[in-house]
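A single chain, nothing else alongside it, follows as structure tokens in the form predicted on its own.
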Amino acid sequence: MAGEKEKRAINRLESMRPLRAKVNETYLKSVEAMQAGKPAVWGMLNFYYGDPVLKAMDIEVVYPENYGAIAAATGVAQQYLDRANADGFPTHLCGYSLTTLGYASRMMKELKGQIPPEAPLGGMPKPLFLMSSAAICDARYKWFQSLGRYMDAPVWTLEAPTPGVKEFFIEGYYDRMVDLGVKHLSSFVTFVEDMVGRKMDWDKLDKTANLMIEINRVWHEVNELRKVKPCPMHSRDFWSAMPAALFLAGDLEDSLGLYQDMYKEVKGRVDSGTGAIPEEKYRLVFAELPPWHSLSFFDKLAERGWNFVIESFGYRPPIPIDLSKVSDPLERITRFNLQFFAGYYEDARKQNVLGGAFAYPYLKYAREWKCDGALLHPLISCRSASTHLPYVSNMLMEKLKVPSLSIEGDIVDLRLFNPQDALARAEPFEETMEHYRKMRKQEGLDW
């Protein structure tokens, strides 16, 4: 085994493993909850808005988006995609949604509500209700509405107003967004109370909100350490470790300790000059969603000296802000949620980048993490994670002379991603990155 580890192109973090295990824990606990007669919910990624409410109410939550990635990574997604297509859903629909629609169809039509035996990590049990979100994704409303019809379960959709950069700075706009968020979140609490038949423990919600904020602060600091050369942590470890923060997976106090452990391990690598790959030739930013079914693709690139040092805006923790003086936990949660979307807006306005939430972060990442290139992954079945990428490519070139390599694929359907073709494009792109290194120096940039 020791020899096998030495051959690995990416030096994985040990502290990643217990955080990755939080994913398994989440699904197993949801099945246990169902078997014990306790409520379990299917939730849409909502960027910290509704999750702390469910966490404080001791409701187990599973996430169809995350489960779609698991189904892809374990090789069982295709049968669910085929079943969703047979039920009339178009093939160009989001791969996550097709996977879980096919899963729900099999569970309810064939197995009378029982979890499919082939489902990885114990599967997703029939939910008490579904928590949707209006944030980002095109398919959200109809996806969860369709799931609700398969399973005869009510759907609550969390509001997620996301203004443009200019609009955000209209006088009074932010305060109105906070007021709207708090009122809507209060209504959601009432809905959850009615569904489970008990009242919210407000002290527990207060503690949950504070833990969520602190977990993401430490997680942010871990990623700040990755600015160092050589970068001590590869994107593979980021994607493995992020569910405990992004989805609030597992016990939050335990998660906080695990992220603190990760910080110590990454800081130790920084102090010792240890990189995530043996020889860091190129530093890259990745956008947006990775090909979950083909993550070994990154090992092949690591063998060429490609180190992915920063990644997708949509998975990253918000830039920390001080919310300690906000006494109402619903307001604290709302402001934290807004910070995820609008935390880059001030800088985006200064740089005159109008794609504030979706485009500007990559300009910041490429500059501060000293990236030689960007690997863009436009998804055939996800418009929301793809349409801004040409703008990102143009912006990185115009402002920083950082080139981009665009490789089409999909988050779930492996038939839409060709790793051999992508690898064949690596060598010529290295020549491009070398060329623009010289160009950046000529223009006075420091990397």
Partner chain sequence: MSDKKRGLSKAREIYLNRSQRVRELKAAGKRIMGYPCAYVPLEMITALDLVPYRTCGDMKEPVTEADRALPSSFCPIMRTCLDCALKGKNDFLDGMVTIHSCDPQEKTARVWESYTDYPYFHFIDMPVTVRPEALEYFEGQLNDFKKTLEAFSGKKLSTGTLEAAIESHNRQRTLVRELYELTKPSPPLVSGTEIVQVVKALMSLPVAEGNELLADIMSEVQTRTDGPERKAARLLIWGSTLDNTDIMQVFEAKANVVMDESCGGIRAYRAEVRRSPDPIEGLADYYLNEITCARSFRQAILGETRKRYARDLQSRFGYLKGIIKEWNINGAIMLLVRYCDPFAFEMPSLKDYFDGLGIPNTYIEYDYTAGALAPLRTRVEAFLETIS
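Keep in mind the model is a prediction, meaning the values are calculated, not measured. Positions refer to the first chain, counted from 1. Each form is matched to the other, and the largest set of C-alpha atoms that superpose within 1.5 Å is called the rigid core.
Absent from the display: the form predicted together with the partner chain. The rest refers to it.
Chemist: What I'd like checked is whether D58, K227 and G409 together line the partner chain in the predicted complex, meaning each has a non-hydrogen atom within 4.5 Å of it.
Modeler: No, because D58, K227 and G409 lack any heavy atom that approaches the partner chain to within 4.5 Å in the predicted complex.
Chemist: Please pick, from N307, S255, S97, N337, the one residue with any non-hydrogen atom lying within 4.5 angstroms of the partner chain in the predicted complex.
Modeler: The residue from N307, S255, S97, N337 that makes the contact is S97.
Chemist: Looking at E346, D299, E280, D87, which has any heavy atom no more than 4.5 Å from the partner chain in the predicted complex?
Modeler: The option sitting close enough to the partner is D87.
Chemist: Whether R149 contacts the partner chain in the predicted complex should be assessed with a 4.5 Å heavy atom distance threshold; does it?
Modeler: Output for R149 is yes: heavy atoms within 4.5 Å of the partner chain.
Chemist: Please tell me whether any heavy atom belonging to Q35 falls inside 4.5 Å of a heavy atom of the partner chain, as the geometry stands in the predicted complex.
Modeler: No.
Chemist: Looking at the partner-bound form in the predicted complex, is V326 within 4.5 Å of the partner chain by any heavy atom?
Modeler: V326 lies outside the contact set for the partner chain.
Chemist: Is P117 a contact residue for the partner chain in the predicted complex, using a 4.5 Å heavy atom cut-off?
Modeler: Result no; P117 lies far from the partner chain in the predicted complex.
Chemist: So if I measure heavy atom distances to the partner chain in the predicted complex, which of the stretches 361-369, 89-97, 198-206, 315-323 falls within 4.5 Å?
Modeler: Among the candidates, contact is made by 89-97.
Chemist: Within 150-164, which residues have a heavy atom closer than or equal to 4.5 Å from the partner chain in the predicted complex?
Modeler: Contacts from 150-164: D152, A153, P154, V155, W156, T157, E159, P161, T162, P163, G164.
Chemist: Given a core-based superposition, decide whether the C-alpha of F89 shifts by 2 Å or more between this form and the one not shown.
Modeler: Superposed on the core, F89 moves its C-alpha 2 Å or more between this form and the one not shown.
Chemist: Relative to the superposed rigid core, does the CA atom of P329 travel 2 Å or more between this form and the one not shown?
Modeler: Result for P329: no, shift under 2 Å.
Chemist: Is the C-alpha displacement of G102 equal to or greater than 2 Å between this form and the one not shown once the rigid core has been superposed?
Modeler: Indeed, G102 is displaced by 2 Å or more.
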